[in-house]
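Okay, here we've got a single chain as structure tokens, the form predicted on its own, with questions on binding and movement later.
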């Protein structure tokens, strides 16, 4: 069974506090980058995999999408998502791996920071390629392989005696597979893959990669929070846009 960490009360409380304080990288880095990759959305039918609290579903509707289906394993996150009424958004409670759809059902499929939780990502991307209509797009973000590589061993920044960040620790990059780390709680499971593996999964599914981003924070946020300048020293996220011929 896929791990449902967001329904862990301690994890959910920590994550919610991070989002409420806007102390994470979602609003100032990942979400602006995701929006920049969106193709024309007006009138389109969209699937959002790992939709969480439905924030990106609402963004897609604001961009003109005709209908959005959000898929999420966490009941706690879906409760938040459903608290925002929108007749053009529907939600499915299931793991991404278990979602079923007809071939050529969607013009656009998105996923925000969920793919690094999926063990058999290659199988999911093959299904995504079938669900897309001709000319449709897949747009996704995930933790960058530079960040997932050493998780569970000694992840993060190497600091000096004064606490200054000297460099980012990168180790076991080609040792792909499960990583267990502490994020609010112990034993959070993620899956590390090299960038080559991720891109080749997309290519081998029959999709054509047309844009790849390794973004840093938006400049206005960097001025307000100088600590965000460290995100220029190593990429926290990988974003990909691919098209079905």
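Positions refer to the first chain, counted from 1. Keep in mind that this is a model prediction, so the values were computed, not measured.
As for the form predicted together with another copy of the chain, it is not shown, yet the points below apply to it.
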item: Interface residue in the predicted bound form among 63, 185, 178, 203, criterion: non-hydrogen atom within 4.5 angstroms of another copy of the chain; value: 203
item: Contact label in the predicted bound form: residue 194 to another copy of the chain, heavy atom within 4.5 Å; value: yes
item: Non-hydrogen atom contact residue 169 with another copy of the chain in the predicted bound form at 4.5 angstroms; value: yes
item: Non-hydrogen atom contact residue 210 with another copy of the chain in the predicted bound form at 4.5 angstroms; value: yes
item: Another copy of the chain contact in the predicted bound form: residue 215, any heavy atom under 4.5 Å; value: yes
item: Which of 68-76, 95-103, 170-178, 134-142 sits within 4.5 Å of another copy of the chain in the predicted bound form, heavy atom basis; value: 170-178
item: Complete contact of 146, 158 and 235 with another copy of the chain in the predicted bound form (any heavy atom, 4.5 Å); value: yes
item: In the predicted bound form: members of 83-121 within 4.5 Å of another copy of the chain, any heavy atom; value: none
